[in-house]
Ligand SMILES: NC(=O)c1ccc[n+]([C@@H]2O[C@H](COP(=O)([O-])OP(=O)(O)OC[C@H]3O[C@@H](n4cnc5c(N)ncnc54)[C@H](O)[C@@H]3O)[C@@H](O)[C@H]2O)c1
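This document opens with one chain alone, in structure tokens, the form predicted alone.
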Amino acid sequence: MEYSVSFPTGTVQYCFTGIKELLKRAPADSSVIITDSNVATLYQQVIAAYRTIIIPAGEEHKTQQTIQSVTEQLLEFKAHKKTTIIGLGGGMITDIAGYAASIYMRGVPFGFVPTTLLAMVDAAIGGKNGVNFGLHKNMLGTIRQPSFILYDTALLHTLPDMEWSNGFAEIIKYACIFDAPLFAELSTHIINYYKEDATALNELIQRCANWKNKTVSEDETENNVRKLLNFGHTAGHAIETLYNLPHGQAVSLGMLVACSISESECGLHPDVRRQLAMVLQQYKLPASLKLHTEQLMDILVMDKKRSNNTIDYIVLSSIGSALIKPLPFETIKQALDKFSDAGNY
């Protein structure tokens, strides 16, 4: 199955056709693959036909220094304006490949082959590409759409269990902000259901991709509704940075912090927070952590969504209904304290 989605910065071809189509989509003689050391080991046959840039695996390498190294290697390959860059990997790789392609020679074509569930449902979609700067997540970057995203769910069967859980954090996020029926569906299953049912897994990925595409199509540069996709990510990014947690685990904790804020700011029933905690735990995601609030606030005050002494926070009025609410930092600090003191929900 293939379809296209148009955005102000370009049209993306979504290809649920398998990795076997990559050579047709991006011929080896005019393309360069960017991947990491883990993915390169798993997919040697895929990369063998291509000029390939391999970077070390791990979020700590999502930096401007890595972009400089990638740029140097692209120059060594004599990559030019019509060279296609392919990001083969998870969210860290799609971020780096998209950012490098956006700035190399002021922009060359690029496409993604996501190899993690998190990248398939979220990180590869939407055109945000960037790197971290010190303690600040995605502080440097661009918004520019890939030419194509090539999906092959068979790639997911190499993933460790933790990476499946990380992806489900973003899927649960979509359910919380847009899709109450999806939340109900997720509450009746566990990861193995989707691992073992290829049809259910494909439908789930397409459903999440459609939600993100719909939102980004309306607001590509994140002036309004695209901010809703940050549910769980404001505190989550700070938690991820401070505690060196996987992205999905940090977002899970961030969603519970957001629910706590939603109770005081939007009248969200406390049962929603408890239901969310149960679903997160079903998908092997954390529901509690002892937080160092002061250290988290030091990171949060430099969040990209900050405006003077407030920050645009995504809160819930109910499952499937989210809104943007500017909040003072003191309100966020109180919620972090409450979450840290609460223990398991």
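One-based numbering along the sequence shown. Quantities reported herein were computed from a predicted structural model and do not represent experimental measurements.
This next part talks about the form predicted in complex with the named molecule, which is not shown.
Scanning 185, 163, 265, 219 against the named molecule in the predicted bound form with a 4.5 Å heavy atom cut-off leaves one residue, 163. When you look in the predicted bound form, the only residue of 310, 293, 38, 317 with a non-hydrogen atom within 4.5 Å of the named molecule is 38.
Taking the partner from the other structure, the named molecule in the predicted bound form has a heavy atom within 4.5 Å of a heavy atom of residue 137. In the predicted bound form, the named molecule sits within 4.5 Å of a heavy atom belonging to residue 125. Proximity of residue 254 to the named molecule in the predicted bound form: non-hydrogen atoms within 4.5 Å are absent; the residue sits far from the partner. A residue is said to contact a partner when one of its heavy atoms sits within 4.5 Å of a partner heavy atom; residue 302 fails this definition for the named molecule in the predicted bound form, lying far away. Annotated contacts: 42, 92 and 115 all touch the named molecule in the predicted bound form [non-hydrogen atom within 4.5 angstroms]. Heavy atoms within 4.5 Å of the named molecule in the predicted bound form are found in exactly one of 294-302, 280-288, 24-32, 42-50, that being 42-50. Taking a 4.5 Å heavy atom cutoff to the named molecule in the predicted bound form, the contacting residues in 146-175 are 155, 158, 159, 160, 163, 170.
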